[in-house]
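Coming up are structure 1 and structure 2: the same protein chain in two forms, each one given alone as structure tokens.
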Structure 1
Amino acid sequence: METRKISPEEAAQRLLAADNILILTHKNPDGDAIGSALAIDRGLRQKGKHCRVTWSGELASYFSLITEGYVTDSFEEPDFILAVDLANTRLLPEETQCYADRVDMVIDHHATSVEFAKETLLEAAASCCAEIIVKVLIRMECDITTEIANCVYVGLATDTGCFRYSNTTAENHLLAAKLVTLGVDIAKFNEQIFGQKSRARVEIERRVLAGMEFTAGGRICIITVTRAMLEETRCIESDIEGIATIPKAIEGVEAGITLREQENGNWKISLRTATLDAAEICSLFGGGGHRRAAGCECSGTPFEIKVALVAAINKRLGE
């Protein structure tokens, strides 16, 4: 579908003309997905709109900071379908796939965004979708209540890793300053979002660290996540988020490898590098990705896979 690129101003006008608005976002929703959806929902309700945000899957416990007390409006058929933080309708959860061809507007910040909606508000330079939502809310002349500020903060803080990731901008800090003055209790929010690890996460980490292996004089670090470990610890998806970043985050590690056992018995490999071309290395095993973060899927025993990967990496480290 060919889409029309729109500005925050146009997005605001379009939303103000709608009545019953269904708000979609991607599956396994993160803080920016839910935060963006609930922020625009709450702004639209100020304007007398009926809104319904749908999401699926188990959410990490910190989401209760913004989802608690959320009640969807009841309407039969939406007259407007808005998607937020959604780069591709393939990423919709199963329950909302039926709307994939009917999305009226998408508000998103992913550079990988494909055209699927009638109108698209895309700001690929934004660190999070929530900061674009704020622009639309301001154009709709919404009151940025503490409740809305809370939703925006969750999106902003999670997508920037609490202002740590490389995508963090001066504008993000200015927005954060504004959100604090609007009443966000950032001490409480940060503690719940970043200060707490689930028991399952700690249990998987202790197993993963116990089995951590180093080679090439500490320049290669390998961790392994088996299905048995996931079952023992009862991890849900959000519990193992970012686990592949552990090896590379160790001083002196040039290549961090994560082996994760799949249901079909294969092993999903994630490779993070400091200077080597991760995509090139993974392409040797039928995979690909980015220069510093790539992946592939391998069959065989973990030992065989590790030997093959280490050989390929060692060769390049020696060059």
Structure 2
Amino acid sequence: METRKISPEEAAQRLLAADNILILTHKNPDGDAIGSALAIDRGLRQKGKHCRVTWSGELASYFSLITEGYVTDSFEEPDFILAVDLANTRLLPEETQCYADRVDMVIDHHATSVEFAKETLLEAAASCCAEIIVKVLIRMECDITTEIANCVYVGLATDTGCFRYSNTTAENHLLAAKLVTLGVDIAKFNEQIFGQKSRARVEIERRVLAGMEFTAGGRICIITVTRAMLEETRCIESDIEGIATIPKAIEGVEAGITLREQENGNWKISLRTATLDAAEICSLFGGGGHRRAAGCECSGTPFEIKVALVAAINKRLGE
């Protein structure tokens, strides 16, 4: 679908003219996806709009900081469909795939975003979708309440790794400072998002570390999460959010690969890199993302997938 590129001002105008708005995001949503969706939802409700946010799966416990008390509006069919933090409709959960060719607008920050909506607000230089959402809310003349600020902070903090990732900008710190003045308790949020782990998460990390593999002289590290591991530890998807950061955190590792077995037998790949273009590598396998953090989904055996990924990475490492 050919899309029309729009500005935050134009996005605000379109949303203010709409009603019965369905807000979509990707499957297994992270903090930026949920935070962005709930922030724009709450801003639109201030303007008298009817909105419904959809998400798939059980969310991590920390999401209760922003989902508690959320009640969706009821309407049979949406008049307007908005997607946030979604680079490709293939990433929609199964239950919302029926809307894949009906998206009116997408707000996103992924450089690998493909054209699928009638209108696209894309800022690839943005560290998170939530910071783009703030621009739209301001142009809609919404009151940025503490409730909305909390949602924005969850998106900002998770996609910058609590301001540790290379995508963090000066503007991110300024935005965080503004959010604090609006009432965000960052100590509470940071502790619940980054400082706590469920018992199930600790158990699966133990198994993941036991099976860790190194190649390319220690420059590539691979971890694998199987369905059997999830069952043994009674993990849910939200328990393993952020697990892809483990291999890249090891000294000397240039590329950290995480394989996660999916219910359909495919493998979800997460790639984290120090200097290589992770999005470019994952695009070879039908995926995408950011320069230092990207992903894709592959079929085949774990051995076949590892061989293909390592070959692509070695080529760029000059091995």
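Numbering runs along the sequence of structure 1, starting at 1. Definition used throughout: the rigid core is the maximal C-alpha set that superposes within 1.5 Å between two forms. Fair warning: this is a prediction, and the values are worked out from it, not measured in the lab.
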Completion exercise
Students should recognise the form predicted on its own as structure 2
Handout entry: Same rigid part for R45 and T169 between the two structures
Key = yes
Practice task
Rounded to whole degrees, state how far the smaller rigid part rotates against the larger between the two structures.
Solution key: 26
Handout entry: Following rigid core superposition, Cα shift of S238 between the two structures in Å
Key = 3.3
Fill in the blank from the handout: Students should find the CA displacement of T273 between the two structures, rigid core aligned, in Å, to be 6.9
